[in-house]
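Okay, here we've got a single chain as structure tokens, the form predicted on its own, with questions on binding and movement later.
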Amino acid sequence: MSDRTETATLREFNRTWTQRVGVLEESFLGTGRPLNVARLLFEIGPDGAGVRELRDRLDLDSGYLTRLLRRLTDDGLVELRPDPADRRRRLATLTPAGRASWRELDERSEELAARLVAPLTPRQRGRLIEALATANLLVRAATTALREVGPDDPVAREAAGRYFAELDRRFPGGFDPGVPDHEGRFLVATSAGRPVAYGGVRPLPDGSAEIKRMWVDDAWRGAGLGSRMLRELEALAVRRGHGRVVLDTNRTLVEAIAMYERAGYSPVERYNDNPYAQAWFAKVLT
């Protein structure tokens, strides 16, 4: 399938979907508010949300988000107040009128979804749900931004903690990171402000670079995010002047080993004293 065919299919689906769910209407689902304002109201939800969290979750410009919040506050649906835990941050919470509007929006969205699938047979609904779940995962993985961070970045620390916790669950004898080595530079992919993939590159004395702490959130596996992270780490190694990369892994991580082999890594002799490593790989970068 050509790139043009792929984009044509995606664009056709976008046109169909936006028309069917009322995105083009000035009053989304008859609420009297356009989609962007209604979506922000929905994301704040009954539990409220931090303004920074909303910006990260919806990937909105700070000024644009401020204007949307102003409309909701002017309508008496949202209140903004300092976060008791950090006075520098602001929290958005729904007023009683806002909670009523949120419930109305939730009910109308549910009714629309039910109407859309009502003409389908149970088998067709199953196919649709499976296809949409796959599409949702793949589109999110493709559009998730990767950024370079230092090891002390809060998101990097969270990702490393989750990586160590997974190794502890999966290794037969558990995993003790000891005092983690923070040398090198790291890439992190985030979604809604939370890390979903992580990895780093550090230099070795022989001039090679070592790829370390490759991790992908369980819910995001199968969407190619791990392979994308690996390619970006290789590119980072090249930018830092390395022509060869190495890595080690444990044989219980069979998915990772399969990914490395698909990416052109070849087995090599042990090059370090990592007590948890059972397999070592290398790749010459071009």
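Just so we're clear, the structure is a prediction, and the values are computed from it rather than from any experiment. Definition used throughout: the rigid core is the maximal C-alpha set that superposes within 1.5 Å between two forms. Numbering starts at 1 and runs along the sequence shown.
The protein also exists as the form predicted together with a further copy of the same chain; that form is not presented, and the subsequent description refers to it.
- For residue 52, no non-hydrogen atom is located within 4.5 Å of a further copy of the same chain in the predicted bound form, even though that partner is not displayed.
- Interface membership of residue 243, defined by any non-hydrogen atom within 4.5 Å of a further copy of the same chain in the predicted bound form, is ruled out.
- For the chain shown alone, residue 223 is a contact residue for a further copy of the same chain in the predicted bound form, at least one non-hydrogen atom being within 4.5 angstroms.
- Put simply, residue 270 is far from a further copy of the same chain in the predicted bound form: not one heavy atom of it is within 4.5 Å.
- Exactly one of the stretches 91-99, 78-86, 158-166, 143-151 approaches a further copy of the same chain in the predicted bound form with heavy atoms within 4.5 Å, and it is 143-151.
- When a further copy of the same chain is considered in the predicted bound form, only one residue from 119, 173, 205, 178 comes within 4.5 Å through any heavy atom, namely 119.
- Applying a 4.5 Å heavy atom cutoff to a further copy of the same chain in the predicted bound form picks out 132, 133, 134, 135, 136, 138, 139, 140, 142, 143, 144 from 132-155, in order along the sequence.
- Once the rigid core is overlaid between the shown form and the other one, residue 40 counts among the residues whose Cα shifts by 2 Å or more.
- Core-superposed comparison between the shown form and the other one: CA of residue 23 displaced by 2 Å or more.
- Figure legend: C-alpha atoms of residue 24 and residue 111, shown here, are separated by at least 3 angstroms less in the predicted bound form.
- Note: the CA-CA distance for residue 58 and residue 215 expands in the predicted bound form relative to this form, by 3 angstroms or more.
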